[in-house]
Every structure is written in C-alpha cells, then in structure tokens.
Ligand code: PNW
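Coming up is one lone chain in structure tokens, specifically the form predicted alone.
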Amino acid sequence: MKSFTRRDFGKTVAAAAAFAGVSLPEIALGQPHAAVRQYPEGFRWGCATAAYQIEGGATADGRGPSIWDTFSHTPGITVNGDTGDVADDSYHLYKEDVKLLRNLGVSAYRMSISWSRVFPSGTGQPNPLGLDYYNRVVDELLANKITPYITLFHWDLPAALPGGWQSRDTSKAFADYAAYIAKHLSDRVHHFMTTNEFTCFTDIGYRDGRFAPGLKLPAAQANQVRHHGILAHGLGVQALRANAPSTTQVGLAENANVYVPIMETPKHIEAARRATRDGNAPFLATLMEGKYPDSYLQREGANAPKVEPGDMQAIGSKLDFVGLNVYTADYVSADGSAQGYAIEPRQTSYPHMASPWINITPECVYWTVRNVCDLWKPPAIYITENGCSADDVVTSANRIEDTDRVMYLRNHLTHLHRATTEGYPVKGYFLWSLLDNFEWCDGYSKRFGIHYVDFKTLKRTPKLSAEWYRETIARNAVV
C-alpha cells in the first residue's frame, strides 16, 4: 500500500476545498504561510544578563563588595551556600559569550554594570580598571554588530554605601555614578536603563528580608526605601540626559505586576486595567504619572513615603522607552466592588515551570504591553526579560532537549506578536537568559539560560532552546 504523505494530504484538502467552492492560499512546503507570525521589520532580538549573576571576578582589578556579596556569603541564605564569586566567569570569558550572541544572530544585548566594580565605595574615586572592563565588552559587542543596552543597577548595591537604600544619599550617589558612566560610554552606547525591578531591591530586600540586605523594616521605613529607589531612577535619568548626547535613549527595566482579564469582555478588560494601575502604584504608575496615586497614599496612610521638593519632578522624568520584565501574571475579574476587580485565586493544579513562581500564563506578555500602553502611552516598549527555569539534563549525546522552555518561549512570543499586530510600540525582545547563572537565593539550582553552563568547567553548551531562538531570529517570525 502506498504511504500517505503530507503532500497527498495537501492535495486532498485542496480538492475538497475546490469541491466546496472555496479557495485556499498557496502553501509550499518550507515556505511562509498563515501560521508564521512575522514580526515588524527592524524588530530587535536580544538576550539579557546581569553583572552579579554572570561576571564572577568578585575581587578582580579593584572591584569592591556589593550587598549581594555580603548576603550570599551569609550561612543559610542561598541554596548550597552558593555565591556569585565565580558565577560564569564572564569577567574573563566575555569574548566567548559575545561569540554565543553572534552565533544566535541577535542584534542587541542587555547587560548590567557592577556599580562597585566602577566605584568600589559606591562614590568618590572611580576605579579605572573597572571601567576598562566595560569598555572592552562594549567594543567587543560593537565589533560583532551587536547593540549594547546597558542597565546601570541590577540589585548589586555597593556594600560601602552607608544605610543602603534607607539613605537618601544613595539616590544621589546613583546619579553621580550614572553621570560618570554616561560620560565614558555614551559615545558608543545609545540605550541605557537606570534600574531593574524596583520591588526586588526594595520590598524583597528591605521589607521581606529574602533578598540582600535581608532586612525586615516596618511599613513606613520600607515605603521610604521604595521612594529612594524611584528617586534614584529619576535622578539617574536626569544625569544621563545631562551627560550623554541628546539622541541617547533612556528608560528602565521594570517587573510590573501583570493582570490578565479572566475573559476578553469589556468589563473584565477594564478590571485588568484598573488592577494594573493599583498593583503598580508605588513604582511604575508613580513614574509614569509623576505623582503617587491617591489610592496608594490613602492605603498607606501615615506610612506613606515622605517626599521632598523636586522629588516628583525627577521621578516623573520623561522616558524614551519602558522596559518590561514579564514572566507570569494574575487573572482578574470585574466584581462590582469599589476598586472594580478581584484577583482570581490560583488552584493547586495550576501548571508552572521549574521555578514555582513562574506560573504558565503566556498571554501575560500581551496584556502587560496593552495595559501599560493604554494607561500611560509610552513612546516605545521593550520586553527586557522573558524566560523560564527548566530541569535541564545533559544527554549521553551531549544534548539539552529543553522542550518545556521552547514551549514557554514560543507561547509568549506568539502572544507578543499579537501586540505588534495591534499597533502597540514594541521595539524589541530580550530573552532571559543567555547563560545559566547565579540565580540569587536559588544559587545554581535553577537554570534559566539557553546555553548550559557546567559550573565546574565553565563550558557553555547550546540547548535546544538556543537552536529554536536562532531560527526565530533568522525568520524574524515565530512558527
């Protein structure tokens, strides 16, 4: 019996369509067709990393300690007592990592600068050897036709700064640091982000105690830490504007709380929009509106942050883009209450990735773009982080078949494509992450990279997800 091929199936479908009097588009095998989700021309594909998670070289060339050095060396804090002392040793292996980026075909790379590598004490005398390292990395990227996007602060606060984010002086020190970097890198770097994920370095570090520096402050003090964090951002924007060419693009990377309507009906869509503003009141809403929302101030009452003259003007500084770090979301529904929404509880059977906090909600990437744009109308959006951990295993053939990560990425990029087709100004996407790395309190137990890292030998091996991402970039499309 003759085998029934895919081409035979196509002929059968075409014949049936002709019989029914309808036409089908021509679909050649291996050619673009309706299932291909083409991204806009010029869309930027990239990968993202953070200094403390990949660099290592903790004491190399005059780098000072950060609060994450101190915190990770505290017994019982991280899985297996892991630290970022060596991490991926990208401090010495950065050229190898740039080759990985080039092999993927990315046009952009989001990296962060270790503040204490450039200013070992957080302020005062800069360390020229620290700056030299970032000069080398930037030059290597540009030589490989990869555009650097630099984040100035990704949680690794210099340990020497008195009071950390409890002190208003830290916000001013950040502005001085931002000015220095702008003066020395903006001749080649044209995209800067001030800070990464406010809630992680304020609330989780100073209120919940789970991240560095591990404090559990009362509400009033914790809210003041929040204020100093967003003030640093605002002063940083001003410093970048004053010390970089006018064409320099300035934004931030924020893990906004994402809310997805339980159904796409007008009342639930409006509920998700309201939840987005309320759920991001102390950070993104305040930045974009130039003032604390009344609902936030009322909710905090006497614990509301103390604001000094000029603070809100700086905090509300105009941005060229908003970067959104998106991993998961909450579902909301309209409930007729005064606030207009209810967050739906997630049942125990709800699926998640290897990190239990990454619940699988691929439509989150569409709704965070839509809600942020509908509320605040930023001129441009980047997805500055999106990815997941997976229980990666190296096979006997030295392969890492991370099909679950490919599933996660494909689904998210399919929903992001919807945002681009609806006209939202999404300019690029940075996959988290280029490499398996030091995953904060999870140490090296959670792998987020599309390149597997053997942490004993530091050998990098592309995973299936790297192959898939390379194909996606080459097509500028998701299939």
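For every residue, the number given is its place in the sequence shown, counted from 1. From a predicted model like this one, the values you see are computed outputs, not experimental measurements.
The following text describes the form predicted together with ligand PNW, which does not appear among the structures shown.
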item: Stretch in contact, per heavy atom within 4.5 angstroms of ligand PNW in the predicted complex, of 76-84, 214-222, 189-197, 99-107; value: 189-197
item: Contact at 155, 440 and 448 by ligand PNW in the predicted complex, all three, heavy atom at most 4.5 Å; value: yes
item: Contact of residue 331 with ligand PNW in the predicted complex (heavy atom, 4.5 Å); value: no
item: Partner proximity in the predicted complex: residue 53 to ligand PNW, non-hydrogen atom cutoff 4.5 Å; value: yes
item: Partner proximity in the predicted complex: residue 327 to ligand PNW, non-hydrogen atom cutoff 4.5 Å; value: yes
item: 4.5 angstroms heavy atom contact with ligand PNW in the predicted complex for residue 88; value: no
item: Listed residue that, although ligand PNW is not shown, lies within 4.5 Å of it in the predicted complex (heavy atoms), from 432, 45, 39, 452; value: 432
item: Answer option from 255, 286, 361, 72, heavy atom within 4.5 Å of ligand PNW in the predicted complex; value: 255
item: Residues within stretch 329-360 having a non-hydrogen atom within 4.5 Å of ligand PNW in the predicted complex; value: 357
